[in-house]
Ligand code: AMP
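Presented below, as structure tokens, is a lone chain in the form predicted on its own.
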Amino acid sequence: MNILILGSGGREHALAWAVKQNPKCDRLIVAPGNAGIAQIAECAHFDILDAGVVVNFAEENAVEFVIVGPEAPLAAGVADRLREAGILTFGPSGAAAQLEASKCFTKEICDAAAAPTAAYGHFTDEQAALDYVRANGAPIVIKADGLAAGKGVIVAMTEAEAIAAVKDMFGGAFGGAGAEVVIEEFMDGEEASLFVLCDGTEALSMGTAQDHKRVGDGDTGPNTGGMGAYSPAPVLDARVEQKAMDEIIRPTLQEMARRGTPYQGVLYAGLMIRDGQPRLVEYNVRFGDPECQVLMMRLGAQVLDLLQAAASGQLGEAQVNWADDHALTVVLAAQGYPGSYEKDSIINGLGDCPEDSFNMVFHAGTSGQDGHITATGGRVLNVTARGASLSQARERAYAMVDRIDWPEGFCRRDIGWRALR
């Protein structure tokens, strides 16, 4: 089978790594890919947001299955065009991708489905939003309604922070994504992620994880795209997971189907859990990054079979076979991230890190230049390991981190702290 994966980050490297292990995979192409992906797959360079270009490339290369990694091509309707061309595709339609592309749309779905989530207000006018903040006080959560590369959410602990966030969003800090703003009640508890495969009718839970959003140890500093993750997440035990499926996921899918936009792909539910009760923080319509990396480490080659089953409407016959183990990933980021940072610094020591089913360094923002691996983004590497226990996985991951020679990079040193405390 010829397979095309769209994307260039650590998520796509992890997906490619898992898919490549399946004997069904004859040829693997990733567009545009990165320096790590180039070591295991062909990299192709074209505009993955242009559906016509994607379809033409797939047809010219006899691609039989397309896996859409990031959210932007999904929101642009790339999956729709691929399916119209008769190409089996993993990822929701552009209409269904509104679950991530519009915070307001998600809130409306939750209201209709009676899915537990935060109280909220939706605003297109700055003054009305500021009045809402002043009326409700802090802490409070300010969200750009549209796609903002994982950075359009401000958890404001003071009213002054909330007012500044509102003004920033309406002032264009997040471009068109902040033209509309959703302001939510601050939910207290422990956050974790549930990943569910959907085929338009059936839903299959495929794992839990916990991300570390803040840039600094002890969950301090500004929010990021994610500084590390581990799986499984103890707070999302079997009972809480079942409640989330029954009260949040399935009612959402039923409402989406009722509206004529059945959901097919992976549905990533960010949940806030308090006293055993999950509430929805947000939906994403693709695998999380870096949560995908720990899920792929634990799932391996079966990932291709599961994604195919979801894409072809056969999830009712599928099951997830978990090893009784743990995985943890540490993000190495460029100094200065999530603010400004330098690019093109050289990363050494990657050849000293093992690459096997228990240890992998997944590349995110990297490029190959003159025989060297260079950093081209903010989040650059995902150092990932499995172990019989979370502490063993953590020990293996940080041992690899210490082998990497990159003075211009940094990482958190406490990934997994909530589960290990």
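Because the structure is a prediction, the values reported are computed rather than measured. Just so we're on the same page, rigid core means the largest C-alpha set that superposes within 1.5 Å between forms. Numbers for residues come from their place in the sequence shown, where the first is 1.
One more form of this protein, predicted together with adenosine monophosphate (AMP), exists but is not displayed; see below.
Note that among 77-85, 196-204, 237-245, 140-148, the stretch whose heavy atoms approach adenosine monophosphate (AMP) to within 4.5 Å in the predicted complex is 140-148. A residue is said to contact a partner when one of its heavy atoms sits within 4.5 Å of a partner heavy atom; E180 fails this definition for adenosine monophosphate (AMP) in the predicted complex, lying far away. Not displayed here, adenosine monophosphate (AMP) is approached by K213 to within 4.5 Å at the level of heavy atoms in the predicted complex.
In the predicted complex, adenosine monophosphate (AMP) sits within 4.5 Å of a heavy atom of F186.
Adenosine monophosphate (AMP) is not shown here, but in the predicted complex it comes within 4.5 Å of a heavy atom of K103. Put simply, of A72, L315, M272, A95 only one has a heavy atom within 4.5 Å of adenosine monophosphate (AMP) in the predicted complex, and it is M272. V281 is the sole member of A113, V303, A334, V281 with a non-hydrogen atom within 4.5 Å of adenosine monophosphate (AMP) in the predicted complex. Shown here without adenosine monophosphate (AMP), the chain has only A118 in 107-127 lying with a heavy atom within 4.5 Å of that partner in the predicted complex.
Core-superposed comparison between this form and the one not shown: the CA of M157 exceeds or equals a 2 Å shift.
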